[in-house]
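This document opens with one chain alone, in structure tokens, the form predicted alone.
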């Protein structure tokens, strides 16, 4: 382990909502949020780091099921405005939509030179067996870590959960009642916390210019639908989603390496949507692996019709990427072209 001096690190702890910030009220035994200004009282282990840790709570706090793009804008703007004051940022967030939020911020904060680490818990921080303390302590230590040159060790948007640090836009929540709630099947962890924190430096993305403040992107176009292919799917459902008047883009969750039905009505509806100018992106329903529309005839048919490959992107990341790219231009053809680029480590090419 490479030892560096982080004792003077300053961190901003941002509480958006979620289980980690709950305590049991002794009067009625219900879970209620506590004042995060008193975080050192709840997690006294943090004081041993000798970091300066400031806190900020959303008001009102947001259940992660209610997270919307406006929440991402508020969060990204806060980090941008406070960027010069802190060495790193820890975002405490509910687990249900954490992968969506981490994916979104990876596109909204372009050219990061400091860590933005999302974490949370499956059990409230006041419960004896909580996973919240360990997740938070690891996130804080990683957010403060610097390399031998004094640069942030992990200048990315990440999720830190159950001893794993994962690139945020590669994650998916896979378990509702286990401490290992997230997986990143198509990219190994950026770091693993054991006796020591071991960093996978070869995978960590570094900025082109360490002295440049990130570019903040707040223009998001959310006119995206998701079509999950399944046996027995009807033409009416497919047409409603692919050709909906208010839909600008559709993520098609296909089988395996990018396969979908070869029935004439399905192919005709794909063609109709393409002729309407819709942006169609193919991602796999599988947790691991990549779309390759050159392997099977069904996949080749989709590619020939004008469906773009999402490669090994998660659905959460594909959604955030479309929101971001569509916010940059009204030219759907240009968006389809830009989808092919790896913007912030969200796909492998």
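Residue numbers count along the first chain shown, from 1. If you're wondering where the values come from, they're calculated on a predicted model, not measured in any experiment.
As for the form predicted together with aspartic acid, it is not shown, yet the points below apply to it.
Figure note: of the listed segments 138-146, 225-233, 162-170, 95-103, the one touching aspartic acid in the predicted complex, with heavy atoms no more than 4.5 Å away, is 95-103. Just one of 309, 315, 57, 64 comes within 4.5 Å of aspartic acid in the predicted complex, counting any heavy atom, and that one is 64. This chain lacks the partner; the member of 247, 186, 113, 122 within 4.5 angstroms of aspartic acid in the predicted complex by a non-hydrogen atom is 122.
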